[in-house]
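So this first bit is one chain, no partners, the form predicted alone, shown in C-alpha cells.
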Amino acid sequence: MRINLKIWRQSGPDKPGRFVEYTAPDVSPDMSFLEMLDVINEELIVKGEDPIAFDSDCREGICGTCGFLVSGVPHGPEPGTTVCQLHMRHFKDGDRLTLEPWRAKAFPVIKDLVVDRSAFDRIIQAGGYTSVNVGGAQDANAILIPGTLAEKAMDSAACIGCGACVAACKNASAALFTSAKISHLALLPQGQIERRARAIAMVERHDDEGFGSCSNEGECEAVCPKEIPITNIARMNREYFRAMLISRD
C-alpha cells in the first residue's frame, strides 16, 4: 500500500523546523511503523540526504524511547501500544499521516522526531528510589504485602517514561508519570521510610522542570501505552499535601 507522510524536520535544537512530505510507495501491512520509516531512510541515504531521526531501542514497548505524534495522537491510533509496536496493518492505502515530536517546553527537540526527556530523569533523581541499605535479598515471604496493594504498585511501576502523557496534555503536565513513580513506592513497605520527602521532592522537581499542572481531563490516561490510571494522580496529590502538612509540625 501507499502511505503519504508529512514529517517534522529540524536539524538541531536551535534550528528552525518545518514539515517535509514523503511517500512510502510499497508498504507491507506486516511492517512495523518504524520499519516503514527505516525503508524511507534507506532511500534518503541512497540519495545522499539526511535520514529522518527518531528514537528507538527495544522495539518491544518496554523502553519508552520511540514516542512521537502520529496525526496528533501520541504513539498513534492503537490503544495501549507504543510506536515501535504499531503495525502498518492498522492503516489504509492512501492514508496521509503527520509525524511530529512531543510538543512541550520541558522536552526540547534534539533533531526531527527526537526530544530531550532528561527532565524525567531529574524527577526520578529527586526521589524516585529508596536509599536505605537493606542488605542482601530477603525471602519473598519475609515482608507480607496484600495482593491488592502489590498489584496496584506493579501497575504503577509499569510506566516506561515515554512522555506520551505530556504530549497529550494541553498543559504539558507530567503528573501521570510523576504520580506513577510516587505511587508504586508509596504502596510498598520498602518505600515508607522516605515517603514524605519523596513526594515533596518529586512534585517540586516536576514543577521546576517547567511541566504544567494537571487539569484532570484524562487525555494522559487515554494515550498511555501502559494504560497507567489517573487514580495515581489523586494519590500523588494526597501524598504531597499530607507530607506538606506534616513537615510544618
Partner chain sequence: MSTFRRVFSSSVGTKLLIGLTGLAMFVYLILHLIGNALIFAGPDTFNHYSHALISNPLIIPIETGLLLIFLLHVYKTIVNYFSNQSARPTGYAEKKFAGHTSRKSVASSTMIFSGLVLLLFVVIHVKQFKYGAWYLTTTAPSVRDLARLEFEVFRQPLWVAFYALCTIVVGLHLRHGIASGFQSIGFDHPVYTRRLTVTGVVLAIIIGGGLAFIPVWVYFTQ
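Since we're looking at a predicted model, the values are computed, not measured. Residue numbers count along the first chain shown, from 1.
This protein has a second form, the form predicted in complex with its partner chain, left out of what is shown; the following refers to that one.
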(request) Report the residue, out of Ile52, Cys214, Leu185, Met36, that has at least one non-hydrogen atom within 4.5 angstroms of its partner chain in the predicted complex. (result) Cys214
(request) Flag Cys66 as yes or no: does it have a non-hydrogen atom within 4.5 angstroms of any non-hydrogen atom of its partner chain in the predicted complex? (result) no
(message) Is it the case that Leu86, even though its partner is missing from this view, gets within 4.5 Å of its partner chain in the predicted complex, heavy atoms only?
(response) no
(request) May I ask you to check whether Ile62 falls inside a 4.5 Å heavy atom distance of its partner chain in the predicted complex? (result) no
(message) Even though the partner isn't displayed, in the predicted complex is Phe120 close enough to its partner chain, meaning a heavy atom within 4.5 Å?
(response) no
(message) Looking at 154 to 162, 121 to 129, 135 to 143, 71 to 79, which stretch has residues with any non-hydrogen atom within 4.5 Å of its partner chain in the predicted complex?
(response) 71 to 79
(message) Do any residues of 169 to 185 have a non-hydrogen atom within 4.5 angstroms of its partner chain in the predicted complex? If so, which ones, in sequence order?
(response) Cys169, Lys170, Asn171, Ala172
